[in-house]
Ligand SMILES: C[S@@+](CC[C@H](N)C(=O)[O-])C[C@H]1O[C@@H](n2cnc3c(N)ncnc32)[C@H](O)[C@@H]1O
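One chain comes next, on its own, written as structure tokens: the form predicted on its own.
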């Protein structure tokens, strides 16, 4: 079974031997891959839509994995509990939706569980939520898939963790440690967006406090942006 580069990146963050839950599983490609390769002994795939779940049932049956993968009709984590899995994956959805799903699930602050996120947008909202709730971001990865950069992060609740971080961290996370070309490209896009917003607000004489914060953030990101951009090309 083959996965796209984006989903392979997500799969790499799942602990070997962990029971995995894939939230918004769509066609269940990720849990099928993790179980078929022996990386995970079992999995749960959940989705709020009937169509993808029907496709997932067919795909899992075709792989002979119906006894190891359970499918569930659920809006986010609404019908799941900590007993269902060790690692919980949220891939292919926006950061705003991810935060909404987490906010209504009190049991996520369980130090034995890991959460893996692949936000399609607004990763900064996911990082900010995690830090505010006492989660430690353990690792971040980046990859290209059809010429577009994607990121994924792994986090775990730590009751003794008291994070002290610069304002730029929610925009960068652990991506500077990743250090590959996809991470650099992604950080360059973040830099360009934040700089354009700061410049536009400054020209319009609007939100001076936000402009000040953005001007503080930009120098932290600049060392990690693409060399071509530093030379004047995006």
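Numbering follows the first chain given and starts at 1. On a predicted model such as this, the values are computed, not experimentally measured, just so you know.
Just so you know, the form predicted together with this ligand exists too; it's not on screen, but the next bit is about it.
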Answer among 74-82, 122-130, 142-150, 106-114 for heavy atoms within 4.5 Å of this ligand in the predicted bound form: the stretch 74-82
Whether residue 49 contacts this ligand in the predicted bound form should be assessed with a 4.5 Å heavy atom distance threshold; does it? yes
Margin query: Given that this ligand is not shown alongside this chain, does residue 97 nevertheless sit within 4.5 Å of it in the predicted bound form, heavy atom to heavy atom?
Written below: yes
Original post:
Even though this ligand is not shown here, does residue 101 get within 4.5 Å of it in the predicted bound form, heavy atoms only?
Top reply: yes
- Task: Classify residue 91 as contacting or not contacting this ligand in the predicted bound form by the rule of any non-hydrogen atom within 4.5 angstroms, answering yes or no.
- Result: yes
Applying a 4.5 angstroms cut-off on non-hydrogen atoms, the residues of 23-48 near this ligand in the predicted bound form are 23, 24, 25, 26, 27, 47, 48
